[in-house]
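A lone chain, given as structure tokens: the form predicted alone.
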């Protein structure tokens, strides 16, 4: 029997060990091919104990999604809040932390980005909650930029529009990042800020694009 099986641990500590093991197995096998026996073996406990703690294979997956999505959202929010005195600086810090999380927590990214969207409603709900949390922070930063820029005619709906575009682009760029190893989080953020924030800044100064008139 392994040391892990012999140790008596507080429930919350044991639960985190199980989630660690499950995250690794799900990232390696995928949800459908993963088996609870392997998760139990990696966690150093019996299969019935895994079910006792987290209920089912879906319960394990939901626990992984909940923990990692909350970690990702907290990473973004904490970095943004400590990132500087302007919305631009805070967005830079938050996005850099986002891309760093993706680079440093590959198992979590594989489960969150590639596997979770195709699973049950319970799993989708966990993802949606984390996305809303990040979206609210980004919309707030864009809204501050609108307020500070003093641009009439722009408001909450515009901030929400830009937030959806930014978060969607950042999420999509994680795939590009995967295909181009060696790209630093800072480099990814610079590229995204140049594409999105520069455009937003131009709008705040009154420069907008309109479709060309047909002649």
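Note that the coordinates shown come from a computational prediction; the quantities given were computed from them, not determined experimentally. Numbering follows the first chain given and starts at 1.
Just so it is clear, the following notes concern the form predicted in complex with the DNA, a form of the same protein that is not shown.
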Is the DNA in the model of the complex near all of 14, 53 and 57, within 4.5 Å of a heavy atom of each? yes
In the model of the complex, the residue from 28, 164, 47, 180 that sits within 4.5 Å of the DNA by heavy atoms: 47
From 42, 34, 154, 63: within 4.5 Å of the DNA in the model of the complex by heavy atoms is 34
Have a look at 172-180, 185-193, 63-71, 34-42 and name the one stretch with heavy atoms inside 4.5 Å of the DNA in the model of the complex. 34-42
Given that the DNA is not shown alongside this chain, does residue 9 nevertheless sit within 4.5 Å of it in the model of the complex, heavy atom to heavy atom? yes
Could you list which residues of 162-191 come within 4.5 Å of the DNA in the model of the complex, counting heavy atoms only? none
